[in-house]
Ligand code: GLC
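Here you get one chain, nothing else, as structure tokens; it is the form predicted alone.
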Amino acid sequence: MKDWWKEAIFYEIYMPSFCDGNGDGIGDFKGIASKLAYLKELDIDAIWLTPFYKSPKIDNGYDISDYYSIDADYGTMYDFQVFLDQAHQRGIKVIADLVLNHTSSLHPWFLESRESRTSPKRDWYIWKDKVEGHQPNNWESYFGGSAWEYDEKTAQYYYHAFAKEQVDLNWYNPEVKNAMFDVIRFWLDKGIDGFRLDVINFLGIDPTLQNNPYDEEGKQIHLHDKDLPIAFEIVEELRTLVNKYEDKVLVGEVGTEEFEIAKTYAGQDKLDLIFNFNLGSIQKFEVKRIFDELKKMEKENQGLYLPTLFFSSHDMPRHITRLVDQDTEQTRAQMLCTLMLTATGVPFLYYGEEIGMTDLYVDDISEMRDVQGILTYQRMIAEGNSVIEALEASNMCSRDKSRSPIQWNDTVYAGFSQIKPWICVNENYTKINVECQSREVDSMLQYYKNMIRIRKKYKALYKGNYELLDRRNDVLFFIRKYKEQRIGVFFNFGIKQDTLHLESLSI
């Protein structure tokens, strides 16, 4: 079906944490294939896989050292193809996370690039001389510290927007573009149904290397190292390339909470969907904030494209922990599920949210796996903070909290693996797990299944426009209409009963 993604419910699988199929403590393609029946019963339409390419995993796969190989932790190319074929047989699409902005520092391209200043691959990356004995400018890495790393061998700095092991490609070089477009063709030819493009708005930097400004709180404003004209040009060329294949989708992660910026990457000649963080990344629950973001998305998209709807992903704390009070845990979590599955947009569920999984916290830095948390810990210790203070800070920013193994049952290691997993299992797995909730009629899992069933039953919930979108105090409500079908959805996020008279609404 053309534009199938407009009606789809996506389900993100964090590769190493879904199911261990070969007994090494790491999730893999055999494991995911063994759970396709579960996903079919849940009735999702498409799977989004986080990176599965060969990688040293400094950033858990977002540092790719070979775009054409399956990382051994996840299986073989045969395992991937079996999984993909079995998913397609069940009517489930599969999209792959792809990192175009940077490669691993162990990628053969970069190893060749750093050999000498005259290397044929030198200009595939961003190399600059010292300026007055220091870094070329003040740009900061998103993981903290300088975005420039000095290379003793060739006496120049290379640029990295994230970890120093994630080296930014030079997209001004046409050879880089051709090489990466070949990668895209390879996976499309394999039968993948599209891509989620990681940090797509970071492609290209200001060639003049102007310093970034700072806000009033001293935080750097990333003005000259993202959202440059070249990023839009590449997106349009990607669209042209992918259009040569039938029914493929492009989802772009646009690294900004400014919806006005994010929306510029979507449209007929650009990306099909943008992973817009304005709603998904809210840090605390506020009815007005949620309403304002829904209203803003409706105003900005003007029917030209669909926003994405999510509250959790591999880069943020789980929303059950972040947005749900202990006293209202089940009710509010269910309402947020309802919102994702009934508001205008394309829902992206995150593995485990359908059973209400909560954040993981580690009490020993040796148990932490996320580079962001580890670097924070090291920096805090170097600045003279105590181990307790450093661990608290690292837990706060670590993305491990949302990456623990999915909790399949109450057996050891939550049924994820027969041996100790690569990352800790959340200790609440004996109470929160799939097997237990499959038997309970009022469980979170059953609620998700019912809501997905309702969404698919009524076209107004996946094709309709807002006839009304409004809020009265803690009551948020909307009416969606498709042809003659009208569906009203009402949320009372307050603690008191409220009365809303339909005849008083401006419809």
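Fair warning: this is a prediction, and the values are worked out from it, not measured in the lab. Position 1 is the first residue in the sequence shown; the rest follow in order.
Below, we refer to the form predicted together with alpha-D-glucopyranose, which is not included among the displayed structures.
Among the residues Gln407, Gln166, Ser398, Ser113, the one placing a heavy atom within 4.5 Å of alpha-D-glucopyranose in the predicted bound form is Gln166. Contact with alpha-D-glucopyranose in the predicted bound form, judged by any heavy atom within 4.5 Å, is made by just one of Trp422, Phe162, Trp127, Trp187: Phe162. The partner is not drawn, yet in the predicted bound form one stretch among 37-45, 450-458, 24-32, 55-63 has residues with heavy atoms inside 4.5 Å of alpha-D-glucopyranose: 55-63. Here the marked residues Val131, Trp139 and Lys226 all miss alpha-D-glucopyranose in the predicted bound form; none has a heavy atom within 4.5 angstroms. Not displayed here, alpha-D-glucopyranose is approached by Arg196 to within 4.5 Å at the level of heavy atoms in the predicted bound form.
The shortest heavy atom separation between His107 and alpha-D-glucopyranose in the predicted bound form exceeds 4.5 Å. Not displayed here, alpha-D-glucopyranose is kept clear of Asp272 by more than 4.5 Å at the level of heavy atoms in the predicted bound form. In the predicted bound form, none of the heavy atoms of Arg322 sits within 4.5 Å of a heavy atom of alpha-D-glucopyranose. Of all the residues from 308-325, those having a non-hydrogen atom no more than 4.5 Å from alpha-D-glucopyranose in the predicted bound form are His314, Asp315.
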